[in-house]
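The form predicted alone is given below as one chain in structure tokens.
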């Protein structure tokens, strides 16, 4: 029977980040991945090897912003392991039905100049809006990079710039109350407060809704900062695709002696006398651990499928019921379309330049258009009568992902996981069939062709993945690649539940990481890094707290000298 210090369930990017930190600390680590390739939602694959050989597709995550708000890339020195980020500029292009278009550059000033072609007022307000959200980001980023219940860790992350921005946002009672109100409201209300022009509000609403809810949803106003992140720290993609991040992490993990086994779905967490002592995989083989088990999958699958109910009830009699009923998923996920193209989509009616396609292209005709795209999906209807979508042509920035002169197209279309009225039919009872997913994809392409008429003829081959297929491939509950909704009531010390929010569980030696833990989904590596810190502190509490206190004192001294 093989034994390691730690076994990690799932080799997604957070599991790999967590493993890297533990390996650097001297622990032996085994990662067990259910799929035949590691990476979870962070893979790049030749998904159409026969119809389109040589075309590489990002099968889920593509645009990286949040990872640049933390120290993972630098601390792990991932550039030494093959990672190179390419920053996008422009960062967003969104054509509007009335002939206007929103073109955002990495530079705020250039973006304001583009907006000023249509509205001087909105251009001025955009600069103020971006400044506000960038200060909010700097004010809260230190909280992202620490366990949510660790006050010393969080405080130690604050330098003078962060504190200055924090005070500028919440300095004084009225400012604090105004900021709290902002956090409790919706992106739609925020955008209506700031701007007049629909051509500007629509793409900002579409980006805000990347949190997986309609722009009218209360408590996701933080989504309004999504556009500001594309200015600073910027939006980037790894050269070679998102999978290049996974490969760099794999290179690091293996160089430190870590073991990654694919096609090894974990079927049970082994618990002995209230402590996690190992895992059992599908073929019956067991792997024992000396220190602990870390789960990179969602809490629902972990506690309702992989841990014996008696072991959970012995640790916390209320936990199973709370995990099942208290954590929320709203039924919205994505239908994913990947195409091999003979040429880029050309937006000829909008002063087309290929450089417009370096960043993301949004088809968002109005805030109401975006609202419908999300609201219908929540109630089980497919919003395909007038599709809204988010698309990238990654080969404009990185030609290495396709044969010379050819391109790839990445389309994200929000859709329901469970189709209303189709319960018990289709894949996994969701109502999704091959025929239906392709009909929906046809409508999405038709809508795109309204703006880029050449796109249909340019398609060499395509791959369509329904929400049910995406959920099955990623092992994501109800197809939610964020593991659970990203509303304020399920963030920070509420994610996934207050008693699980600090990466530890009531079962000794069983820890959580991944998108379902603080600070949530997206490519950031923060949950993996934070979980590793909690794990290490748990193993050597005195040494780790001494190190924390030393780092905190050092940061305060540096701040004092900087100010003097």
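Bear in mind that the values here come from a model prediction, so they are computed numbers and not experimental data. Numbering follows the first chain given and starts at 1.
Unshown form predicted together with a small molecule; subsequent notes refer to it.
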Heavy atom within 4.5 Å of the small molecule in the predicted bound form - residue from 211, 279, 470, 78: 470
Residue among 478, 301, 96, 105 with a heavy atom within 4.5 Å of the small molecule in the predicted bound form: 301
4.5 Å heavy atom contact with the small molecule in the predicted bound form for all of 72, 147 and 508: no
Stretch in contact in the predicted bound form with the small molecule, which is absent here, among 45-53, 516-524, 496-504, 530-538 (heavy atoms within 4.5 Å): 516-524
Residue 306: touches the small molecule in the predicted bound form, heavy atom cutoff 4.5 angstroms: yes
Distance check, residue 483 to the small molecule in the predicted bound form, heavy atom within 4.5 Å: yes
Heavy atom of residue 412 within 4.5 Å of the small molecule in the predicted bound form: yes
Exercise: residue 336 in contact with the small molecule in the predicted bound form, heavy atom 4.5 Å: yes
